[in-house]
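In structure tokens, the next block holds one chain alone, the form predicted alone.
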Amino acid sequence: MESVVFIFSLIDCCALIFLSVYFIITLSDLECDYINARSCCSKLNKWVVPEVIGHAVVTVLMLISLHWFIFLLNLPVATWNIYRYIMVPSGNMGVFDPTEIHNRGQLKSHMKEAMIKLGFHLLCFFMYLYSMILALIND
């Protein structure tokens, strides 16, 4: 059972890594003016909810399977994702809003956040890979 938990977590982590890379590429395209703000934000906002769900599922799965260290490692990032999604102002298009993305350095902060998430997901990928191999050997 433990190996199934880590196999699922590994697959989910791969999806979150690809999603983080997609966010970075799309934001850098906006930064270089290859796409306009409206199309960039609509592309990114489509993937905010799947990102929140994917990360929340892994966090809850680690809580249920009693892997406390990994749960506590995932909890702040999952909480931040949920907080960011819930606290979208009522007039905005979503987490990424085309009217505000160029204001107050929001583009840079979104890019920094995507880079930090990519680093976090890469760290989690290797932790899940190690734990999966360990669980497969022990079974």
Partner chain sequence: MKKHKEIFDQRVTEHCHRLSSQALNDLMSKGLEYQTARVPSKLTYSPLLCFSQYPGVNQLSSSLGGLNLQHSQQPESLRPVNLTHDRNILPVSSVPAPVPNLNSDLRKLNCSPDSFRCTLTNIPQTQALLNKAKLPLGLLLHPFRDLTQLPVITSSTIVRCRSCRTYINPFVSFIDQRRWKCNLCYRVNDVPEEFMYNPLTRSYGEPHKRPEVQNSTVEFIASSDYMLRPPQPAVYLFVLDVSHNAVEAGYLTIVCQSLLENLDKLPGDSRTRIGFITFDSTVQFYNLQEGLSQPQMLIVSDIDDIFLPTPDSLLVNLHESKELIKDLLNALPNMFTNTRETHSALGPALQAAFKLMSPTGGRISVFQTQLPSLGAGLLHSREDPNQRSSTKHLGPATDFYKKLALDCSGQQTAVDLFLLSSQYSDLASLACMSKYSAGCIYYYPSFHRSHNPAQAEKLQKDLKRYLTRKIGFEAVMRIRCTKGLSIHTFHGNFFVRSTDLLSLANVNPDAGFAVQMSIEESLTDTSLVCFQTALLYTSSKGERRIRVHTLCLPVVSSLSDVYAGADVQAVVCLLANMAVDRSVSSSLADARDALVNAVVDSLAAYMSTASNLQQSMLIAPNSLKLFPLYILALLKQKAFRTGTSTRLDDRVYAMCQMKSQPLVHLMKMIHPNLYRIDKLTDEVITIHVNDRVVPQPPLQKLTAEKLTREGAFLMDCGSIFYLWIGKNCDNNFIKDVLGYPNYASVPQKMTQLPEVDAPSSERTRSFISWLRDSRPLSPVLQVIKDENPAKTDFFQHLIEDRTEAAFSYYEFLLNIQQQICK
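Residue numbers count along the first chain shown, from 1. Predicted, not measured: the structure shown is a model, and the values here were computed from it.
The protein also exists as the form predicted together with the partner chain; that form is not presented, and the subsequent description refers to it.
Just to confirm, with a 4.5 Å cut-off on non-hydrogen atoms, which of V60, I53, M111, A37 contacts the partner chain in the predicted complex? Comparing distances to the partner chain in the predicted complex, the residue within 4.5 Å is A37.
Using a 4.5 Å cut on heavy atoms, which of N92, T79, S65, S28 is close to the partner chain in the predicted complex? Checking each option against the partner chain in the predicted complex, the one that comes within 4.5 Å is N92.
Can T99 be called a contact residue for the partner chain in the predicted complex at 4.5 Å between heavy atoms? Output for T99 is yes: heavy atoms within 4.5 Å of the partner chain.
Does the partner chain come within 4.5 Å of any heavy atom of R104 in the predicted complex? Within the cut-off, so yes.
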